[in-house]
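Single chain ahead, by itself, as structure tokens, in the form predicted alone.
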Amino acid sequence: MTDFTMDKGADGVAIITWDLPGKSMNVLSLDGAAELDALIDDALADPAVKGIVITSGKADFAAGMDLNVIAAMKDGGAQAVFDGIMSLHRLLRKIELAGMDPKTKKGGKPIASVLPGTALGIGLELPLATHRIFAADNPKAKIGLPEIMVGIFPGGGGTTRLVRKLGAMGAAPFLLEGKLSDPARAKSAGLIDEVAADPLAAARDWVLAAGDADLVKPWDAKGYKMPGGEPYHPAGFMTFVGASAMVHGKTLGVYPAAKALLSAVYEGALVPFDTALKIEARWFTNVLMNPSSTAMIRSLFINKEALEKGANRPEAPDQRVRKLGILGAGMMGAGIAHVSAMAGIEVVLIDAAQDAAERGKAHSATLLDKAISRRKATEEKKAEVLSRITATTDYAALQGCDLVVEAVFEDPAVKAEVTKRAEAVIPQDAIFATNTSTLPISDLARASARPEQFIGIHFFSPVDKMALVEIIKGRETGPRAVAKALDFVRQIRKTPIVVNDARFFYANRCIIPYLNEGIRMVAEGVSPTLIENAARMMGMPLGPLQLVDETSIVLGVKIAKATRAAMGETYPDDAVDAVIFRLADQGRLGRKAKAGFYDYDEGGKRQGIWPGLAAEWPQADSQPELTEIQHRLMFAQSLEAVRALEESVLEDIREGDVGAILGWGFAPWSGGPFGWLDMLGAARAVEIADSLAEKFGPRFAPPRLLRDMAEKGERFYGDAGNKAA
């Protein structure tokens, strides 16, 4: 079984086909690279071969590097990583030079690449080393270098080649943002050369007609100048200064990959191409050996993919949804209807009033109109999606639904009423799901005649944009209900986590302490600006005060009142309530009200911290150290995640980390709260938590699980996490 095969045609064109056995998508392994190397040598040495075309035997070209290869290289240390990357550079450079004379740049054999579909990571870096890239006219294909999204950067020559091809400014969206393009846009941007109905035939024709000049890459030609200017060119100088400022402004120095990529680009632009490849390899090694890259790859790629494929799915027959009922056509119900109809599911959208149900359906029309204006959808697609949504007040329309999602007000009585009405109509084997962010599932299930078929499915708002869905098992929820929820979430292309029933479940349980800690600090006289920037400098996308405004202070007040009623004298957040209740009394209800911790203009654009905040809660003359603020914000979340694991609300630390990043943006560079605590080490984490508890109270007391880990020298991604689960 081989990854690459070669067929030498009678016309002199050797077709090398990449077709990884037993896999739906090609990924490059060290063995595969060695096979390709040998085939290239064979073709270049054979006088009967006039040129080479590299293509794929699958619908797509390639998804990137085999992560097992990266893991194996890392196990060997930095030198093994560097040597492995340099061996890949030598292969791609061999393809690029194609046997030409080093001085005259003549006598080489043309090598083209054909992309039948998606080409990502090394799946684009390999084509970039060929002399011409042909792509199929396949609008569903994605072409790009998304490595930055999982904490690394293109280290197979993609960084160096793309910058020399497009210039630093032109390459920036593809390298620093991981932008993906369909073939037409990729050609327009200069990533590829041609889009054709029959790209293999077009590539073969080009190979047979290509001359010496067609083979020489611009950076190998005499007198090459980088597009946009090199670092010490007047124009290039401004580009690199601006790029450095932009990267630091966006990352605040938290994400090592972005800084390393920029360093590789800057240093590489000052030296010859082959030296630049060594610099790229060195910086790639630096990033790959950084714990952040390990954590990001683990959570945002390996674990996320495993959860999406049903890593924790109970044994049950296929539970894909055929017909979905949604109760409540507000923003949440309308959002669920949209993503479901987009996934090809027939939807019945019910509300108490017909005009409300129609508005819920119109939400899909609005989103599709935006997609059409951005050329991401068509009028035909819009008509097709809308035809799947039936907006009505008639519960009889739920007949035949195999899943119903209730998304009405957070009122147990209202939820109980619609549960009974729906269950009177739907099939006996249908699953009923409630969408709630705070109400216990087991309590809501009392209204159901079939509690084993009752489950919580917590969507995050806005539904069309948020990737995470939290599935909550009640005390009596059966395995088929869990399987149904997981299969549904997979259908709508979201990432699920499964948790057990408890107050606030998992995501809200951890995010509320983060918000509360920021509010507490305002009451203590800590500068709001310092609080917000401390959070962002730890990699949180929003500071706690901004996030409170976004989610609404009214919601915070409602949650506080409900929690106080449930907990009684043990309620711990009086200091927080003193702040948010006073803001609410003054009409400062958050962004939607254009007034909260921040001021907003008439369009809702944030203008800065409300000046009146300092009058209500004067800032202390002596401000705390930045690190102390960061520790308070990070430990408020992370310790709660550990408690959730300890109490079996979480059953899998993978779900805890993936859920934290996708659900509320927990410092993605860290891989999630458990990844972050592993970076600190349990002993150091306990030491910091103890000092915080001594100064600020028992909410920072380390959970027993964390203390035990510290004593035994354990890590979450090792025995401790598995034992707790």
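Note that the structure is predicted; figures quoted are calculated from it, not measured. Sequential numbering from 1, following the sequence displayed.
Missing here is the form predicted in complex with ligand NAD; even so, the following discussion is about that form.
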Fill in the blank from the handout: Contact with ligand NAD in the predicted complex, heavy atom within 4.5 Å, among 458, 164, 131, 338 goes to 458
Handout entry: Among the candidates 292, 477, 546, 435, the residue which, in the predicted complex, approaches ligand NAD to within 4.5 Å (heavy atoms)
Key = 435
Problem - Location of ligand NAD contact in the predicted complex, chosen stretch of 92-100, 601-609, 239-247, 345-353 [non-hydrogen atom, 4.5 Å] - result: 345-353
Practice task
Considering only heavy atoms, tell me if residue 137 and ligand NAD come within 4.5 Å of each other in the predicted complex.
Solution key: no
Handout entry: Partner proximity in the predicted complex: residue 111 to ligand NAD, non-hydrogen atom cutoff 4.5 Å
Key = no
Handout entry: Exercise: residue 329 in contact with ligand NAD in the predicted complex, heavy atom 4.5 Å
Key = yes
Exercise for the section: Report yes if any heavy atom of residue 333 sits within 4.5 Å of a heavy atom of ligand NAD in the predicted complex; otherwise report no. Expected result: yes
Practice task
Quick one: name the residues from 371-408 with any non-hydrogen atom within 4.5 angstroms of ligand NAD in the predicted complex.
Solution key: 395, 407, 408
